[in-house]
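First come two forms of one protein chain, each written alone as C-alpha coordinates, so that there is a structure 1 and a structure 2.
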Structure 1
Amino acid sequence: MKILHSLYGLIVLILFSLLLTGSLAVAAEETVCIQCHGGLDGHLGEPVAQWRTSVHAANGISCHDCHGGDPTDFEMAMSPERGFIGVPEYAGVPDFCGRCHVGVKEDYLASAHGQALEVGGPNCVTCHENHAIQLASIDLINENTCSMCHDYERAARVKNEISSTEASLTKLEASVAALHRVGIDTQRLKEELFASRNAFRRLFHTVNIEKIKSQTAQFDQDLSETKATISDYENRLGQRKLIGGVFVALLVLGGIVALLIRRTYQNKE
(Lines of atoms letter the chains of each structure in order from A and count residues from 1; the text may use other names and numbers.)
(Lines give C-alpha, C1' and ligand atoms only; values in the text may rest on other atoms or scores of the structure.)
Protein backbone atom coordinates (compact mmCIF):
# COMPACT_ATOMS: atom_id res chain seq x y z
CA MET A 1 0.00 0.00 0.00
CA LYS A 2 2.85 2.34 0.95
CA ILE A 3 4.73 1.44 -2.25
CA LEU A 4 1.64 2.17 -4.33
CA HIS A 5 1.33 5.51 -2.60
CA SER A 6 4.88 6.62 -3.41
CA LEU A 7 4.54 5.30 -6.98
CA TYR A 8 1.50 7.50 -7.36
CA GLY A 9 3.48 10.43 -5.97
CA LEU A 10 6.29 9.76 -8.46
CA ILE A 11 3.93 9.70 -11.43
CA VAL A 12 2.36 12.99 -10.36
CA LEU A 13 5.82 14.49 -10.00
CA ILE A 14 6.88 13.34 -13.49
CA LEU A 15 3.67 14.59 -15.08
CA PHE A 16 4.00 17.89 -13.28
CA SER A 17 7.60 18.47 -14.37
CA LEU A 18 6.72 17.50 -17.98
CA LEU A 19 3.96 20.07 -17.90
CA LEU A 20 6.26 22.68 -16.43
CA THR A 21 9.13 22.24 -18.91
CA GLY A 22 6.60 22.01 -21.74
CA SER A 23 4.93 25.29 -20.87
CA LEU A 24 8.27 26.97 -20.23
CA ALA A 25 9.48 26.03 -23.72
CA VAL A 26 6.24 27.42 -25.13
CA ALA A 27 6.64 30.66 -23.19
CA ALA A 28 10.11 31.21 -24.63
CA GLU A 29 9.12 31.32 -28.32
CA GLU A 30 5.50 30.36 -28.86
CA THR A 31 3.52 33.37 -27.68
CA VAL A 32 -0.27 33.25 -27.48
CA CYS A 33 -0.30 35.34 -30.70
CA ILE A 34 1.56 32.59 -32.58
CA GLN A 35 -0.45 29.78 -30.97
CA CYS A 36 -3.83 31.26 -31.86
CA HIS A 37 -3.00 32.76 -35.28
CA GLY A 38 -1.10 29.61 -36.25
CA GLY A 39 -4.43 27.75 -36.06
CA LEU A 40 -6.42 30.33 -38.06
CA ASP A 41 -7.09 30.25 -41.81
CA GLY A 42 -6.31 32.67 -44.63
CA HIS A 43 -5.06 36.17 -44.00
CA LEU A 44 -5.17 35.66 -40.23
CA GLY A 45 -3.00 32.52 -40.29
CA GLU A 46 -0.61 33.27 -43.18
CA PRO A 47 1.45 35.87 -41.28
CA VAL A 48 2.76 33.14 -38.94
CA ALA A 49 4.35 30.95 -41.64
CA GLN A 50 5.67 34.01 -43.49
CA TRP A 51 7.11 35.54 -40.34
CA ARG A 52 8.94 32.29 -39.48
CA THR A 53 11.11 32.72 -42.60
CA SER A 54 11.94 36.35 -41.80
CA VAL A 55 15.00 38.22 -40.59
CA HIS A 56 12.80 39.44 -37.74
CA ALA A 57 12.04 35.92 -36.46
CA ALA A 58 15.76 35.16 -36.67
CA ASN A 59 16.46 38.19 -34.48
CA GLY A 60 13.73 37.54 -31.92
CA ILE A 61 11.36 40.27 -33.17
CA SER A 62 7.90 38.74 -32.82
CA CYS A 63 4.25 39.67 -33.56
CA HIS A 64 3.81 41.78 -30.45
CA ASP A 65 7.04 43.74 -31.06
CA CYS A 66 5.41 45.15 -34.20
CA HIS A 67 1.67 45.01 -33.39
CA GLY A 68 1.83 45.50 -29.62
CA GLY A 69 -0.49 43.59 -27.28
CA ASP A 70 0.13 41.06 -24.52
CA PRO A 71 1.86 37.89 -25.78
CA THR A 72 1.21 35.99 -22.52
CA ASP A 73 -2.56 36.39 -22.12
CA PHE A 74 -5.01 34.59 -24.45
CA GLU A 75 -7.99 36.67 -23.35
CA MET A 76 -6.43 40.10 -23.34
CA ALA A 77 -3.77 39.63 -26.06
CA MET A 78 -5.28 42.11 -28.51
CA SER A 79 -6.64 44.59 -26.02
CA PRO A 80 -5.62 48.24 -26.60
CA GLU A 81 -5.20 48.48 -22.83
CA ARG A 82 -2.31 46.04 -23.19
CA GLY A 83 -0.74 48.17 -25.90
CA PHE A 84 -2.24 46.48 -29.00
CA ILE A 85 -1.92 48.90 -31.93
CA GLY A 86 -3.23 46.58 -34.66
CA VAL A 87 -2.50 47.17 -38.33
CA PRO A 88 -1.19 50.51 -39.64
CA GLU A 89 -2.83 52.47 -42.48
CA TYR A 90 -0.79 52.69 -45.70
CA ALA A 91 0.66 56.09 -44.75
CA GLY A 92 1.28 54.97 -41.16
CA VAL A 93 3.71 52.19 -42.12
CA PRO A 94 6.94 54.28 -42.04
CA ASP A 95 6.21 55.36 -38.44
CA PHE A 96 5.26 51.77 -37.57
CA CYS A 97 8.59 50.38 -38.82
CA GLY A 98 10.53 53.54 -37.95
CA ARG A 99 10.09 52.95 -34.21
CA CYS A 100 13.09 50.63 -34.62
CA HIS A 101 14.61 51.67 -37.97
CA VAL A 102 15.07 55.30 -37.04
CA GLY A 103 17.81 56.26 -39.52
CA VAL A 104 16.10 54.58 -42.46
CA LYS A 105 12.84 56.32 -41.67
CA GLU A 106 14.58 59.70 -41.62
CA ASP A 107 16.22 59.17 -45.02
CA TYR A 108 13.05 57.75 -46.48
CA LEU A 109 10.79 60.60 -45.28
CA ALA A 110 13.16 63.20 -46.73
CA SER A 111 13.26 61.40 -50.11
CA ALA A 112 11.06 61.77 -53.19
CA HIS A 113 9.39 58.50 -52.14
CA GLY A 114 8.65 59.72 -48.60
CA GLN A 115 7.41 63.07 -49.90
CA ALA A 116 4.98 61.23 -52.18
CA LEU A 117 3.73 58.86 -49.45
CA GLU A 118 0.19 60.32 -49.44
CA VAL A 119 -0.04 60.47 -53.23
CA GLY A 120 1.13 57.05 -54.42
CA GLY A 121 4.73 56.84 -53.22
CA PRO A 122 5.93 53.39 -52.04
CA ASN A 123 6.06 52.65 -48.29
CA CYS A 124 8.38 50.21 -46.52
CA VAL A 125 6.09 47.24 -47.15
CA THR A 126 5.90 47.93 -50.92
CA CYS A 127 9.58 47.03 -51.24
CA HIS A 128 10.25 44.77 -48.21
CA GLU A 129 6.85 43.03 -47.71
CA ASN A 130 5.33 42.87 -44.24
CA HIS A 131 5.90 39.42 -42.69
CA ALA A 132 8.39 37.63 -44.93
CA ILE A 133 10.98 40.42 -44.62
CA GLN A 134 14.48 39.21 -45.58
CA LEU A 135 17.97 40.63 -45.20
CA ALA A 136 18.11 43.66 -47.47
CA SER A 137 20.25 43.74 -50.60
CA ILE A 138 20.33 45.59 -53.90
CA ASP A 139 18.40 42.68 -55.42
CA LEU A 140 15.38 44.49 -53.99
CA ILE A 141 15.92 46.94 -56.83
CA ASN A 142 14.33 44.96 -59.63
CA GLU A 143 11.98 45.39 -62.54
CA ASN A 144 9.05 43.83 -60.74
CA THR A 145 9.02 46.30 -57.87
CA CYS A 146 10.51 49.39 -59.45
CA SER A 147 8.41 49.62 -62.59
CA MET A 148 5.09 49.51 -60.75
CA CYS A 149 4.84 53.33 -60.66
CA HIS A 150 7.45 54.75 -63.05
CA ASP A 151 9.76 53.39 -65.70
CA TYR A 152 12.60 51.16 -64.58
CA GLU A 153 15.22 53.45 -66.15
CA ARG A 154 15.79 55.61 -63.03
CA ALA A 155 15.86 52.57 -60.75
CA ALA A 156 18.51 51.02 -62.99
CA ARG A 157 20.65 54.15 -62.69
CA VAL A 158 20.49 53.98 -58.90
CA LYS A 159 21.34 50.28 -58.97
CA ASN A 160 24.31 50.80 -61.30
CA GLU A 161 25.70 53.51 -59.11
CA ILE A 162 25.40 51.38 -55.96
CA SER A 163 26.56 48.04 -57.43
CA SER A 164 30.22 48.82 -58.06
CA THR A 165 30.81 49.99 -54.47
CA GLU A 166 28.75 47.05 -53.23
CA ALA A 167 30.95 44.68 -55.25
CA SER A 168 34.19 46.14 -53.95
CA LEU A 169 32.89 45.98 -50.36
CA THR A 170 32.10 42.31 -50.83
CA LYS A 171 35.53 41.64 -52.31
CA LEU A 172 37.29 43.42 -49.44
CA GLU A 173 35.27 41.48 -46.90
CA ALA A 174 36.36 38.24 -48.56
CA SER A 175 40.04 39.33 -48.47
CA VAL A 176 39.79 40.21 -44.78
CA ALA A 177 38.21 36.83 -44.05
CA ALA A 178 41.09 35.13 -45.90
CA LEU A 179 43.66 37.11 -43.88
CA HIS A 180 41.85 36.13 -40.70
CA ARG A 181 42.07 32.45 -41.66
CA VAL A 182 45.86 32.57 -41.86
CA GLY A 183 46.04 34.06 -38.37
CA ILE A 184 46.36 37.80 -38.97
CA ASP A 185 44.58 40.07 -36.48
CA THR A 186 41.88 41.66 -38.65
CA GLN A 187 39.71 43.13 -35.91
CA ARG A 188 40.32 46.77 -36.86
CA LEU A 189 39.90 46.13 -40.59
CA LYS A 190 36.70 44.24 -39.92
CA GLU A 191 35.32 47.11 -37.84
CA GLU A 192 36.22 49.62 -40.56
CA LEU A 193 34.50 47.58 -43.23
CA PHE A 194 31.46 46.98 -41.03
CA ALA A 195 31.07 50.72 -40.43
CA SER A 196 31.47 51.48 -44.15
CA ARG A 197 28.94 48.81 -45.07
CA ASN A 198 26.40 50.22 -42.59
CA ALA A 199 26.83 53.81 -43.70
CA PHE A 200 26.73 52.75 -47.34
CA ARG A 201 23.54 50.73 -47.02
CA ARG A 202 21.68 53.72 -45.65
CA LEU A 203 22.27 55.52 -48.91
CA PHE A 204 19.60 53.80 -50.98
CA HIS A 205 16.55 55.25 -49.25
CA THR A 206 17.43 58.77 -50.35
CA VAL A 207 16.78 57.60 -53.97
CA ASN A 208 18.54 60.78 -55.00
CA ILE A 209 20.83 59.96 -57.89
CA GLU A 210 23.07 63.03 -57.45
CA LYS A 211 23.52 62.37 -53.75
CA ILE A 212 24.17 58.68 -54.38
CA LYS A 213 26.77 59.56 -57.02
CA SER A 214 28.76 61.89 -54.81
CA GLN A 215 28.50 59.58 -51.79
CA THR A 216 29.60 56.46 -53.69
CA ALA A 217 32.61 58.43 -54.94
CA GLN A 218 33.41 59.31 -51.31
CA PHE A 219 33.03 55.66 -50.25
CA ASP A 220 35.27 54.46 -53.05
CA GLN A 221 37.91 56.90 -51.79
CA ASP A 222 37.51 55.75 -48.14
CA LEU A 223 37.66 52.14 -49.25
CA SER A 224 40.85 52.68 -51.24
CA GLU A 225 42.70 53.26 -47.94
CA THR A 226 41.33 50.01 -46.52
CA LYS A 227 42.21 48.35 -49.82
CA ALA A 228 45.82 49.59 -49.49
CA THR A 229 46.14 48.18 -45.95
CA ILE A 230 44.80 44.84 -47.11
CA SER A 231 47.12 44.53 -50.11
CA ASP A 232 50.02 45.53 -47.84
CA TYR A 233 49.16 42.56 -45.61
CA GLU A 234 48.78 40.30 -48.63
CA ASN A 235 52.21 41.33 -49.97
CA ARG A 236 53.88 40.68 -46.64
CA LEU A 237 52.07 37.37 -46.50
CA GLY A 238 53.40 36.60 -50.00
CA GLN A 239 56.94 37.39 -48.80
CA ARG A 240 56.45 35.22 -45.75
CA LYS A 241 55.35 32.39 -48.01
CA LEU A 242 58.38 32.94 -50.25
CA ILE A 243 60.78 32.92 -47.28
CA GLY A 244 59.05 29.83 -45.95
CA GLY A 245 59.38 28.18 -49.36
CA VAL A 246 63.09 28.95 -49.58
CA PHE A 247 63.58 27.62 -46.04
CA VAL A 248 61.85 24.34 -46.87
CA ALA A 249 63.88 24.01 -50.09
CA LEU A 250 67.13 24.52 -48.13
CA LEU A 251 66.07 21.87 -45.59
CA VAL A 252 65.34 19.36 -48.35
CA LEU A 253 68.64 20.16 -50.03
CA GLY A 254 70.47 19.72 -46.72
CA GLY A 255 68.80 16.33 -46.26
CA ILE A 256 69.87 15.17 -49.70
CA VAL A 257 73.46 16.30 -49.12
CA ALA A 258 73.54 14.48 -45.75
CA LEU A 259 72.21 11.34 -47.41
CA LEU A 260 74.82 11.53 -50.16
CA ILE A 261 77.64 12.00 -47.62
CA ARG A 262 76.42 9.01 -45.61
CA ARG A 263 76.26 6.89 -48.79
CA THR A 264 79.82 7.81 -49.68
CA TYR A 265 81.02 6.79 -46.22
CA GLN A 266 79.04 3.53 -46.35
CA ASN A 267 80.53 2.73 -49.79
CA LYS A 268 84.05 3.35 -48.45
CA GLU A 269 83.57 0.93 -45.55
Structure 2
Amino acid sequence: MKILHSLYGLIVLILFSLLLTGSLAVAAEETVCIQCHGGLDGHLGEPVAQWRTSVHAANGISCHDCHGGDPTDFEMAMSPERGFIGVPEYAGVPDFCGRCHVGVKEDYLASAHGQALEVGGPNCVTCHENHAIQLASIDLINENTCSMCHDYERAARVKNEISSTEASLTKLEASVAALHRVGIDTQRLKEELFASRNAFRRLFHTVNIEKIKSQTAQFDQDLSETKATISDYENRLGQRKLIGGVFVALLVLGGIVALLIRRTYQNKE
Protein backbone atom coordinates (compact mmCIF):
# COMPACT_ATOMS: atom_id res chain seq x y z
CA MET A 1 0.00 0.00 0.00
CA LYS A 2 2.91 2.31 0.73
CA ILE A 3 4.11 1.87 -2.86
CA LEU A 4 0.67 2.88 -4.14
CA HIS A 5 0.75 5.95 -1.89
CA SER A 6 4.16 6.90 -3.31
CA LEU A 7 3.01 6.46 -6.91
CA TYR A 8 -0.08 8.54 -6.28
CA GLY A 9 2.01 11.21 -4.58
CA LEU A 10 4.45 11.27 -7.50
CA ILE A 11 1.60 11.75 -9.97
CA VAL A 12 0.20 14.61 -7.88
CA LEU A 13 3.65 16.20 -7.64
CA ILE A 14 4.10 16.02 -11.43
CA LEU A 15 0.66 17.47 -12.14
CA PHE A 16 1.19 20.20 -9.56
CA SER A 17 4.65 21.03 -10.94
CA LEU A 18 3.34 21.30 -14.49
CA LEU A 19 0.47 23.46 -13.36
CA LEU A 20 2.69 25.64 -11.20
CA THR A 21 5.24 26.04 -14.02
CA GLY A 22 2.52 27.17 -16.38
CA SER A 23 1.19 29.62 -13.81
CA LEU A 24 4.54 31.18 -13.06
CA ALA A 25 5.22 31.73 -16.77
CA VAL A 26 2.69 34.56 -16.47
CA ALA A 27 2.82 36.04 -12.98
CA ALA A 28 -0.64 35.87 -11.40
CA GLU A 29 -0.66 39.56 -10.49
CA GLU A 30 0.10 40.47 -14.10
CA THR A 31 -2.61 38.48 -15.89
CA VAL A 32 -5.24 40.43 -17.75
CA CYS A 33 -7.85 38.40 -15.84
CA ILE A 34 -6.69 39.87 -12.53
CA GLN A 35 -6.24 43.35 -13.96
CA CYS A 36 -9.72 43.43 -15.47
CA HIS A 37 -11.85 41.69 -12.84
CA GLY A 38 -9.86 43.21 -9.99
CA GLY A 39 -11.19 46.63 -10.96
CA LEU A 40 -14.83 45.57 -11.18
CA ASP A 41 -17.51 45.74 -8.51
CA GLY A 42 -20.04 43.14 -7.43
CA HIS A 43 -20.01 39.52 -8.48
CA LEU A 44 -17.57 40.18 -11.33
CA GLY A 45 -14.91 41.52 -8.98
CA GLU A 46 -15.52 39.31 -5.93
CA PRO A 47 -13.65 36.26 -7.29
CA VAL A 48 -10.36 38.18 -7.41
CA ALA A 49 -10.54 39.27 -3.76
CA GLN A 50 -11.53 35.75 -2.72
CA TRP A 51 -8.82 34.15 -4.84
CA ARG A 52 -6.11 36.34 -3.26
CA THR A 53 -6.76 34.63 0.10
CA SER A 54 -6.71 31.12 -1.36
CA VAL A 55 -4.25 28.25 -1.36
CA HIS A 56 -4.34 28.45 -5.16
CA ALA A 57 -3.01 32.01 -5.12
CA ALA A 58 -0.37 31.06 -2.57
CA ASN A 59 0.91 28.44 -5.01
CA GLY A 60 0.79 30.59 -8.14
CA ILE A 61 -2.36 28.98 -9.57
CA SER A 62 -4.36 31.68 -11.31
CA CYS A 63 -7.62 32.16 -13.22
CA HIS A 64 -6.45 30.72 -16.53
CA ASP A 65 -5.21 27.51 -14.88
CA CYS A 66 -8.82 26.62 -14.10
CA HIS A 67 -10.90 28.59 -16.60
CA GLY A 68 -8.53 28.51 -19.54
CA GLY A 69 -8.05 31.40 -21.97
CA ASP A 70 -5.10 33.66 -22.70
CA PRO A 71 -3.90 35.54 -19.60
CA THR A 72 -1.72 37.88 -21.70
CA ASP A 73 -4.25 39.28 -24.16
CA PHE A 74 -7.23 41.44 -23.15
CA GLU A 75 -9.09 40.82 -26.39
CA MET A 76 -8.55 37.06 -26.53
CA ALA A 77 -8.52 36.29 -22.82
CA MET A 78 -11.98 34.70 -22.95
CA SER A 79 -11.76 33.25 -26.43
CA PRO A 80 -12.52 29.52 -26.87
CA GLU A 81 -9.84 29.61 -29.55
CA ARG A 82 -7.33 30.25 -26.76
CA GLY A 83 -8.73 27.48 -24.58
CA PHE A 84 -11.27 29.43 -22.52
CA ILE A 85 -13.79 27.03 -20.96
CA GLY A 86 -15.56 29.41 -18.60
CA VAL A 87 -17.56 28.30 -15.57
CA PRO A 88 -18.87 24.72 -15.29
CA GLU A 89 -22.48 23.78 -14.59
CA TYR A 90 -23.16 22.50 -11.07
CA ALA A 91 -22.93 18.82 -12.04
CA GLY A 92 -19.78 19.52 -14.06
CA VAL A 93 -17.76 20.86 -11.11
CA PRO A 94 -16.16 17.49 -10.17
CA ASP A 95 -14.85 17.04 -13.72
CA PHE A 96 -13.67 20.67 -13.72
CA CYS A 97 -11.70 20.28 -10.46
CA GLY A 98 -10.80 16.68 -11.25
CA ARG A 99 -8.50 17.73 -14.07
CA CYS A 100 -5.90 18.26 -11.31
CA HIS A 101 -7.40 16.41 -8.35
CA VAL A 102 -7.70 13.14 -10.21
CA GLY A 103 -7.75 10.65 -7.37
CA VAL A 104 -10.10 12.70 -5.20
CA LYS A 105 -12.53 12.97 -8.10
CA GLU A 106 -12.60 9.18 -8.50
CA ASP A 107 -13.34 8.57 -4.83
CA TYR A 108 -15.88 11.38 -4.67
CA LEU A 109 -17.84 10.11 -7.70
CA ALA A 110 -17.97 6.62 -6.20
CA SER A 111 -19.24 7.97 -2.87
CA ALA A 112 -22.75 8.72 -1.64
CA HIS A 113 -22.04 12.39 -2.29
CA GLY A 114 -21.01 11.79 -5.88
CA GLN A 115 -23.89 9.43 -6.59
CA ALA A 116 -26.32 12.14 -5.44
CA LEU A 117 -24.74 14.83 -7.62
CA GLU A 118 -27.40 14.79 -10.35
CA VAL A 119 -30.15 15.35 -7.78
CA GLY A 120 -28.43 18.24 -6.03
CA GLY A 121 -25.90 16.37 -3.88
CA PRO A 122 -22.82 18.29 -2.71
CA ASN A 123 -20.00 18.92 -5.16
CA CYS A 124 -16.44 20.17 -4.55
CA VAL A 125 -17.51 23.81 -4.13
CA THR A 126 -20.06 22.93 -1.44
CA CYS A 127 -17.29 22.09 1.04
CA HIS A 128 -14.21 23.82 -0.42
CA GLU A 129 -15.78 26.97 -1.94
CA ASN A 130 -14.86 28.07 -5.45
CA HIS A 131 -12.34 30.94 -5.30
CA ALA A 132 -11.51 31.33 -1.59
CA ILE A 133 -10.20 27.76 -1.43
CA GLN A 134 -8.15 27.17 1.71
CA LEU A 135 -5.57 24.52 2.55
CA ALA A 136 -7.63 21.40 3.19
CA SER A 137 -7.94 20.20 6.76
CA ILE A 138 -10.33 18.03 8.75
CA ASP A 139 -11.88 21.26 10.05
CA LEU A 140 -13.82 21.26 6.79
CA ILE A 141 -15.83 18.48 8.41
CA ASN A 142 -17.96 20.56 10.76
CA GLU A 143 -21.53 20.79 11.93
CA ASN A 144 -22.34 24.03 10.11
CA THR A 145 -21.29 22.72 6.70
CA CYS A 146 -22.41 19.11 6.95
CA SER A 147 -25.77 19.97 8.51
CA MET A 148 -26.73 21.94 5.42
CA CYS A 149 -27.57 18.62 3.80
CA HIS A 150 -28.02 16.02 6.54
CA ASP A 151 -27.58 15.20 10.22
CA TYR A 152 -24.01 15.74 11.48
CA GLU A 153 -23.76 12.39 13.28
CA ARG A 154 -22.27 10.41 10.36
CA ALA A 155 -19.83 13.18 9.50
CA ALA A 156 -18.76 13.38 13.14
CA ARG A 157 -17.97 9.65 13.08
CA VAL A 158 -15.85 10.13 9.95
CA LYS A 159 -13.97 13.00 11.60
CA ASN A 160 -13.42 10.95 14.74
CA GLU A 161 -12.00 8.04 12.73
CA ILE A 162 -9.48 10.17 10.86
CA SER A 163 -8.48 12.70 13.52
CA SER A 164 -5.74 10.58 15.13
CA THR A 165 -4.04 9.76 11.82
CA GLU A 166 -4.37 13.37 10.68
CA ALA A 167 -2.67 14.53 13.89
CA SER A 168 0.12 11.99 13.36
CA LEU A 169 0.71 13.26 9.83
CA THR A 170 0.90 16.85 11.03
CA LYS A 171 3.34 15.95 13.82
CA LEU A 172 5.57 13.93 11.49
CA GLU A 173 5.63 16.76 8.94
CA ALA A 174 6.75 19.15 11.69
CA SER A 175 9.50 16.71 12.71
CA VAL A 176 10.73 16.41 9.12
CA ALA A 177 10.77 20.21 8.78
CA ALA A 178 12.84 20.44 11.97
CA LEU A 179 15.35 17.89 10.65
CA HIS A 180 15.60 19.79 7.38
CA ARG A 181 16.39 23.02 9.23
CA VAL A 182 19.48 21.45 10.81
CA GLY A 183 20.80 20.29 7.45
CA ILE A 184 19.56 16.70 7.18
CA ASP A 185 18.46 15.52 3.74
CA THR A 186 14.75 14.85 4.26
CA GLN A 187 13.59 14.78 0.63
CA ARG A 188 12.62 11.10 0.69
CA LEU A 189 10.71 11.52 3.96
CA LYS A 190 8.92 14.60 2.61
CA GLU A 191 7.88 12.69 -0.51
CA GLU A 192 6.62 9.77 1.57
CA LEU A 193 4.55 12.02 3.81
CA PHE A 194 3.25 14.00 0.83
CA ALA A 195 2.11 10.75 -0.79
CA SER A 196 0.56 9.48 2.45
CA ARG A 197 -1.31 12.71 3.07
CA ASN A 198 -2.72 12.83 -0.46
CA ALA A 199 -3.80 9.19 -0.33
CA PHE A 200 -5.30 9.74 3.12
CA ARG A 201 -7.23 12.79 1.93
CA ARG A 202 -8.65 10.68 -0.89
CA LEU A 203 -10.05 8.37 1.74
CA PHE A 204 -12.11 11.21 3.27
CA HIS A 205 -14.10 11.59 0.08
CA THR A 206 -15.43 8.06 0.15
CA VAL A 207 -17.56 8.98 3.21
CA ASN A 208 -17.63 5.23 3.87
CA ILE A 209 -17.14 4.56 7.59
CA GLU A 210 -16.12 0.90 7.24
CA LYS A 211 -13.65 1.64 4.44
CA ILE A 212 -12.18 4.50 6.43
CA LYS A 213 -11.78 2.29 9.51
CA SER A 214 -10.04 -0.51 7.63
CA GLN A 215 -7.72 1.68 5.55
CA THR A 216 -6.85 4.06 8.37
CA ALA A 217 -5.26 1.12 10.18
CA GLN A 218 -2.98 0.56 7.17
CA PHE A 219 -2.10 4.26 7.04
CA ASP A 220 -1.18 4.14 10.72
CA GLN A 221 1.10 1.17 10.03
CA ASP A 222 2.81 3.01 7.16
CA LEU A 223 3.23 6.10 9.32
CA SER A 224 4.74 4.05 12.14
CA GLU A 225 7.51 3.03 9.73
CA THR A 226 8.08 6.66 8.76
CA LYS A 227 8.06 7.62 12.45
CA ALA A 228 10.72 5.01 13.17
CA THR A 229 12.93 6.47 10.43
CA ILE A 230 12.46 9.98 11.80
CA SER A 231 13.22 8.77 15.35
CA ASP A 232 16.43 7.20 14.07
CA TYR A 233 17.47 10.51 12.51
CA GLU A 234 16.59 12.37 15.72
CA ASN A 235 18.56 9.90 17.86
CA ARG A 236 21.62 10.22 15.65
CA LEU A 237 21.23 13.99 15.71
CA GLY A 238 21.00 13.85 19.51
CA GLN A 239 24.16 11.75 19.66
CA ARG A 240 25.96 14.21 17.41
CA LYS A 241 24.87 17.07 19.65
CA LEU A 242 26.04 15.16 22.72
CA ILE A 243 29.42 14.39 21.15
CA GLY A 244 29.72 17.98 19.99
CA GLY A 245 28.83 19.22 23.46
CA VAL A 246 31.44 16.96 25.06
CA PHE A 247 34.06 18.10 22.54
CA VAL A 248 33.28 21.76 23.25
CA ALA A 249 33.41 21.10 26.99
CA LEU A 250 36.82 19.42 26.61
CA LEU A 251 38.09 22.37 24.59
CA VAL A 252 36.89 24.78 27.27
CA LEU A 253 38.42 22.63 30.00
CA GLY A 254 41.68 22.42 28.06
CA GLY A 255 41.69 26.19 27.68
CA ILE A 256 41.14 26.66 31.41
CA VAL A 257 43.96 24.22 32.26
CA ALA A 258 46.30 25.96 29.80
CA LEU A 259 45.42 29.32 31.32
CA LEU A 260 46.10 28.05 34.85
CA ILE A 261 49.45 26.58 33.78
CA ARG A 262 50.41 29.83 32.12
CA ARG A 263 49.54 31.86 35.23
CA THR A 264 51.49 29.43 37.40
CA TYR A 265 54.62 29.99 35.31
CA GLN A 266 54.06 33.75 35.27
CA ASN A 267 53.84 33.80 39.09
CA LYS A 268 57.09 31.86 39.41
CA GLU A 269 58.84 34.37 37.24
Ligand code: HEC
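Basically, rigid core = biggest C-alpha set you can superpose within 1.5 Å across the two forms. Remember, it's a predicted structure, so these values are computed and weren't measured experimentally. Residue positions are counted from 1 along structure 1's sequence.
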Worksheet, complete the sentence: Students should recognise the form predicted in complex with heme C as structure 1
Item to complete: Verify the C-alpha shift of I230 between structure 1 and structure 2: is it 2 Å or more after superposing the core?
Response: yes
Item to complete: Please say whether, between structure 1 and structure 2, the C-alpha of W51 moves by 2 Å or more once the core is aligned.
Response: no
Discussion item. Does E173 move appreciably between structure 1 and structure 2, meaning a CA displacement of 2 Å or more on the superposed rigid core?
Written reply: yes
Fill in: Following rigid core superposition, Cα shift of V248 between structure 1 and structure 2 in Å
10.3
Response to the item:
Here the CA of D220, compared between structure 1 and structure 2 on the core, is shifted in angstrom by 2.7
